[in-house]
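Below: one protein chain in two forms, given as structure tokens, structure 1 then structure 2.
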Structure 1
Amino acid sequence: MNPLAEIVAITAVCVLSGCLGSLLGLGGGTFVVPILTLAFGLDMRLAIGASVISVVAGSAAASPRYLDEGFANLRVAVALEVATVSGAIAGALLAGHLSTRALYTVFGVVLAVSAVQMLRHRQDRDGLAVPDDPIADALSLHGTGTGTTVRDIRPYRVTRTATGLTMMTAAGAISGLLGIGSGAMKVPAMDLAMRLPIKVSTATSNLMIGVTGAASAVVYLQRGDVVPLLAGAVALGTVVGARIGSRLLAVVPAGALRVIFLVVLLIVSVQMLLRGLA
């Protein structure tokens, strides 16, 4: 494959990656690195550098629509981002002192458990009252989100903010340790612990990913791990896909979105386990 055709192919694939990442709140970077390394044979460093840029681009493309349509909860994002960034800094400092294989294995197990918990407990708690949370009340984290359609406005209450902050700190730490996006842990944290609607969880996660990705991008740029042509192609495809994903979120049923997220979560967990055990 000649270089021009390869760039076009990468851009096209990243459209699908960006769409799925935006729709699920994972960020396109979750899929970009495996695609670039396995399908196109690129060096891991360059793939990660391009992935980080794509995360920022995809989040920037999708977040305005999520905010305008009332999906993303800005107050929740700001509150949780403090914990995520703190965890990411701690994880980056510990990165050189812990076994990578062990971390991949633990991360895979955590994702698999999260998927099972989301599938089981969320169904059991549907229709039950949300426990009061003084922290959420003090920070005014409660909000309204849309249901099946944009006009279907439903209020929701946030709970267990302290638990959510703890899980976000862990998500940030794993992100800093492994150099991956932590959207696969952010959505379960908001969905399971804080009881946010699934669409609000994915949209808020997408908003948060852009902030943490921007900090990481500076490091990769300084290291010279970002190839402009490759990063531009990946970012372009991700932006187009993210815009499509942000439009689909308004029409995709919450039940179907949960099923898609659980399937992707299990696939990513298996990939992490294989890396840890290989």
Structure 2
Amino acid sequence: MNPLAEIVAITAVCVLSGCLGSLLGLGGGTFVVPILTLAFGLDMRLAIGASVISVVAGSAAASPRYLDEGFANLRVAVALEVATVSGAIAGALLAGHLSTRALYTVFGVVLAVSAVQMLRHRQDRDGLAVPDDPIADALSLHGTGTGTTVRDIRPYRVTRTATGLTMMTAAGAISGLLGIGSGAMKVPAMDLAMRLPIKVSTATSNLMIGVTGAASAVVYLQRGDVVPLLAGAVALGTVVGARIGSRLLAVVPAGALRVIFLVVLLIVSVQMLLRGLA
């Protein structure tokens, strides 16, 4: 394949990954790095450098709509960013000292764990008491958002902010290490631990991914791990895909998307693990 065809193909594939990443609150990087390395044979470190830029671009493209429509909780996002940015700095610095095979293995494990998270059936917790949380009270993190359907608007109370911060530190470290948004860890932390509605969690994750990605992007840009044309093609595709995804969030059935995503995640995870452990 000549470079022009390669750039066009990468941009096209990133439209799809950006759309899925925006819809599921994962950021496009979860798909971008495996695609660039496994399908296009690009160097892992350069793929991560491009991915981290696309993660920020995708977040900037999708988040305005989520903020305007009241899906994303800005206060929760900024509060949790203290943890994710700290983790992302540590992860990005560590990535420069790990071998490519180690990165493949870590990536494969993270994707497998993400798949397991998605397999877990989410229990209906309506009616269950939400424990009081002084941090959430002090920062006024509680809000109003959708429940199971778009029209199901109700107030929600945020809880276990300390647990959320701990989980977000780990998510940030993975994000910095692998150049992904780590939404697969952020969404469950907000949804399961902090009790935010699923669509609020997804939209808030999208918003947070941009700031976490920016912390990692600065390190990668400083270190010279970014190929501008590659990062540009990936970012453009992701921006277009994220804009499409943000329009679809309210109407696409989450169940069907989760099934498709799960299958893709498992296949890519096995491929990455095989490369890392071969």
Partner chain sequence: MKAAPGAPEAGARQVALVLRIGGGLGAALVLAGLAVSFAESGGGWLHGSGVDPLGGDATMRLSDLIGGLRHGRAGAIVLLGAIVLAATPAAGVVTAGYTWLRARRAWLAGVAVVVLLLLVLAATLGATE
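By rigid core we mean the largest C-alpha set that fits within 1.5 Å across both forms. Everything numeric in this text was worked out from a predicted model, so none of it was measured. Sequence positions of structure 1, starting at 1, serve as the residue numbers.
Colleague: When you get a sec, tell me if the form predicted together with the partner chain is 1 or 2.
Modeller: If we ask which form is the one predicted together with the partner chain, the answer is structure 2.
Colleague: Taking the rigid core as the frame, does Leu16 move its C-alpha by 2 Å or more between structure 1 and structure 2?
Modeller: Result for Leu16: no, shift under 2 Å.
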